[in-house]
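Form predicted on its own, single chain, as structure tokens, below.
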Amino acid sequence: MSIESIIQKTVSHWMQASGRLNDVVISSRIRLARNLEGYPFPLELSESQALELINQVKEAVAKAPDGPFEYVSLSEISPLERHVLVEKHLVSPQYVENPMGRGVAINDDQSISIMVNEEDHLRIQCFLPGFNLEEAWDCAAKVDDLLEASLDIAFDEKIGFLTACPTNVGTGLRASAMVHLPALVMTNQVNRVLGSLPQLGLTVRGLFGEGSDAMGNLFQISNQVTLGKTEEDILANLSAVTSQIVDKEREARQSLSEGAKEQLEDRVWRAYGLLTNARLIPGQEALKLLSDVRLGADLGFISNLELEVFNELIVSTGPAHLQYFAGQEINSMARAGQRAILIRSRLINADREEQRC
């Protein structure tokens, strides 16, 4: 596996339309922050120390029984390739801005990535489709155990895992669910429903996590606090609240279907018509239209398209992906044209494949 094969594999495991509550929950993620004893936090690392850390991690992941992992040095790939990794949710947006002394280990189906020398020495991520927090936690815990068997992880008996940011001290665990909430947005309930989450120890972020905007009616819900709580407490709280949000979204969808079905169907089919006929589609408009069509598929208005197609297009229509596959940097107008071609081709082909079945 190489950076080319990682990028060429357009469908990561988390994009599959499987898992519980997958009509609303797109994916579940567990992220663990870990640091090594004897080294300063990444911001204070020397070049030689960063290299030592990288070599230790590479040796550790090479022992993975379920491997293989591919290690990608950020300084050895192009800025465009780095941003493709961001769009695939394998690394964070801030991580790629300074590539020196940084790299990421990625497994074959791209469900696991281990960022080295991000805010912490290690950021272990496990992504799964649908609402699968417990399974994602089991996955991340196994990777954590693998690394702990070879590395001296910084841990204090009183406060837990030591991290660069105080908000991660303790378990070092960030659990999140990416949810699709078009009906709550359409019925103007989303601010009320999500606005109460901070009081429950949760936070809401956009498509690419901290500092990003909510696009395409996609939101990431995650825990805020790691200190003083067990992993089980964090997962139970997020699971309970996310289940309630799913119920609210489903109720809003039902209300729209019963009270304004004709208008809703018209909105869905107009979006489908634009996506399958437009010649220029800007990025944010694409996500909005894909959200409407995905809602139509969830409600059964469009019965011949797999949900996986929409999960894939959320990623593959990003600017870095479009430019990578174009083989060069292209301006926003050219990207809008390439995006329209990709979406049109993918939806029409998916429609034909379903009809043949």
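Because the structure is predicted, anything quoted here is derived from the model rather than measured. One rule holds for the numbers: they count along the sequence shown, beginning at 1.
Missing here is the form predicted in complex with a further copy of the same chain; even so, the following discussion is about that form.
K.L.:
Looking at a further copy of the same chain in the predicted bound form, is some heavy atom of each of 274, 278 and 285 within 4.5 Å of it?
P.N.:
Verified in the predicted bound form; spot residues all in contact, yes.
K.L.:
My question is simply whether residue 266 lines the interface with a further copy of the same chain in the predicted bound form - judged by any non-hydrogen atom within 4.5 Å.
P.N.:
Residue-level check for residue 266: yes, a contact with a further copy of the same chain.
K.L.:
Is the gap between residue 270 and a further copy of the same chain in the predicted bound form 4.5 Å or less for some heavy atom pair?
P.N.:
Contact check for residue 270: yes, within 4.5 Å of a further copy of the same chain in the predicted bound form.
K.L.:
Taking heavy atoms and a 4.5 Å cut-off, does residue 76 contact a further copy of the same chain in the predicted bound form?
P.N.:
Outside the cut-off, so no.
K.L.:
With the cut-off set at 4.5 Å between non-hydrogen atoms, does residue 258 touch a further copy of the same chain in the predicted bound form?
P.N.:
Heavy-atom contact with a further copy of the same chain at 4.5 Å: absent for residue 258.
K.L.:
Going by heavy atoms within 4.5 Å, which of 117 to 125, 258 to 266, 244 to 252, 90 to 98 lines up against a further copy of the same chain in the predicted bound form?
P.N.:
Selected range: 258 to 266.
K.L.:
If you apply a 4.5 angstroms heavy atom cut-off, which residues in 137 to 157 are near a further copy of the same chain in the predicted bound form?
P.N.:
Stretch hits: zero.
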